[in-house]
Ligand SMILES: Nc1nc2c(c(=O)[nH]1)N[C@H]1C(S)=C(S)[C@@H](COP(=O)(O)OP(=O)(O)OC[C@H]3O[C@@H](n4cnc5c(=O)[nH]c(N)nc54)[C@H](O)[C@@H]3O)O[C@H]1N2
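Take a look at this one chain, the form predicted alone, written out in structure tokens.
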């Protein structure tokens, strides 16, 4: 170890670092502990999935001791899934990152102080920029930290550090829906409220295993008093399909053809709400003509369904008075996901199932704050859902932030997969990864790891030091987790709610907000963020950024206001602007009356007046020829691999859920593959035998589970296991850039 490295390694932390780590309990800058109510509890929203359940935290001497579901919260109504019940447990883990770790000259990761970590961070990234250009450093963010933290990261990286390229792991889950809504409605605007699950007489679930992925939403379905028809469109007999009235088990990725065929049948049978289409949409005539080639024969041939199944599906929609259409990753994670989502939207539009209770074209989000990321992370959108390429938008945001407009990029960032390609080509040499684990979760994992190894400098900021990506890092920054910091999250139904500080972060770990404050200081751009002193301060800034936008938050006073109202769904404009037209946001005028009447009601939906966010107030029919699977089964690789959620107790890469002894008992510890018994007999594979599943990219050894839940010629592996994405194929939707995780060609044989 040379003297200069020793000097850096053992340098003393500066005064700002000491302030950020100040007692009591390592709250970090602005991280005030939650105040208990008279009964010794405080409520906050869960930090796992997008449902946004409220949990009642029981406090003793200011620290959390246990939790129960909040009984009167309009989202979960006293319910919680296993992950929610264990949300506090996973904070107490020996795998927590408690001090910065720097890889030394021998390749070992050694503990260092924050001063050393930050000097290294700034020195190494600035050196890369000086040698290879300002855009040679990029960042990858997340949908799992507070909205205020996301905004700080995006503003710091792009306005302070001069980075152009930054994306988030919401690209892996929600990019398709965001783009589909923008193109069809004029803004990324999921229209529904969870009460729609209880008010529909027909519920259509497409590529959504609601029982497992969003169990509290499924509980809302079970509360429906109307004995609804439940149609599940999924190749696999999922837990949700087992409880459906109709399981439409189509061939993988043939859903676009099916949806076009259903639309044609509805039009031919006179099931179109002609008044709604005429008054509120554009492009119906062209769409109707386009559908003519999607005959029964074509749909049957491409989907593998029978004529009776197809027509029963269409007839059920026709008979429904309140039909709601729901989709999630089975649609989003596809090589043609955007057009598939828009085909679902088209069905809702032609039948007039929009804006009324129990209706809607409804995308269910993945991560707890994917919606916050989509609107406020400053990655592919400028803050507040604005456009980087729009000069008026840049000037508006610059004025709010009191910065030079020239600091705001005039072009959009590369998308996630383009950033990875940029690393592979040498355009990007430094990467900052925050609260995500691409070495596990990114598609074609072996290639991903090869790409990450090519970086000159990799920084990982996470609450655990043992993730696959953290183990590859040159520098690890220890971050506080949910329950150890404060801020807001935005759930699937657009509800803004709070997270709170109810436990101290371990060791020297800081909230992500405090880490970003420290980065700004060491980078030398802290003057740009002189007003960003706490999450509460940033929330007020984001409110101003949202003014006049569809996601307007200006009517939400502060964090206490959110507490007292059980969260608030956007749009929530301030009283003076409700019903008033904004010069740069024509979308606000048509919704003023409805917003004023029900701004703080516990449940409300968009488009009640049939007005959308395009300049003319109309929704668009969008459509395109279906494209075949990019990797079809062949003689060498005769099976289709399906991936998805394993159990309600697993979460993504299991970074957190594996820390809970209770949750580990609720799902198989080892990777497994579901195989149809007929295929297993032919392959001489018995129950619990070891099976090898191999694609063109890699192979995994898994325990065989024989089940009729998968059709012959298909196999299924849960996405949560470390090696699953060694198999998946790096194909992407052309509009959203979202990876197509759900289907690729594999072969299977005894292990």
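Numbering follows the first chain given and starts at 1. Nothing here was measured: the structure is a model prediction, and the numbers come from that model.
Beyond the structure shown, there is the form predicted together with the ligand, which is absent from this document and is the topic of what follows.
- Contact with the ligand in the model of the complex, judged by any heavy atom within 4.5 Å, is made by just one of 190, 535, 235, 430: 235.
- The single contact residue among 408, 272, 212, 472, judged by any heavy atom lying within 4.5 Å of the ligand in the model of the complex, is 212.
- Between 305-313, 418-426, 202-210, 114-122, the stretch whose residues reach within 4.5 angstroms of the ligand in the model of the complex through a non-hydrogen atom is 202-210.
- Contact here is defined as any heavy atom lying within 4.5 Å of the ligand in the model of the complex, and by that definition not a single one of 395, 546 and 613 is a contact residue.
- Residue contact check for residue 642: one or more of its heavy atoms lie within 4.5 Å of the ligand in the model of the complex.
- Within this chain, residue 658 is remote from the site of the ligand in the model of the complex, having no heavy atom within 4.5 Å.
- Interface membership of residue 725, defined by any non-hydrogen atom within 4.5 Å of the ligand in the model of the complex, is confirmed.
- Using a 4.5 angstroms limit between non-hydrogen atoms, residue 253 touches the ligand in the model of the complex.
- Applying a 4.5 Å heavy atom cutoff to the ligand in the model of the complex picks out 144, 145 from 124-157, in order along the sequence.
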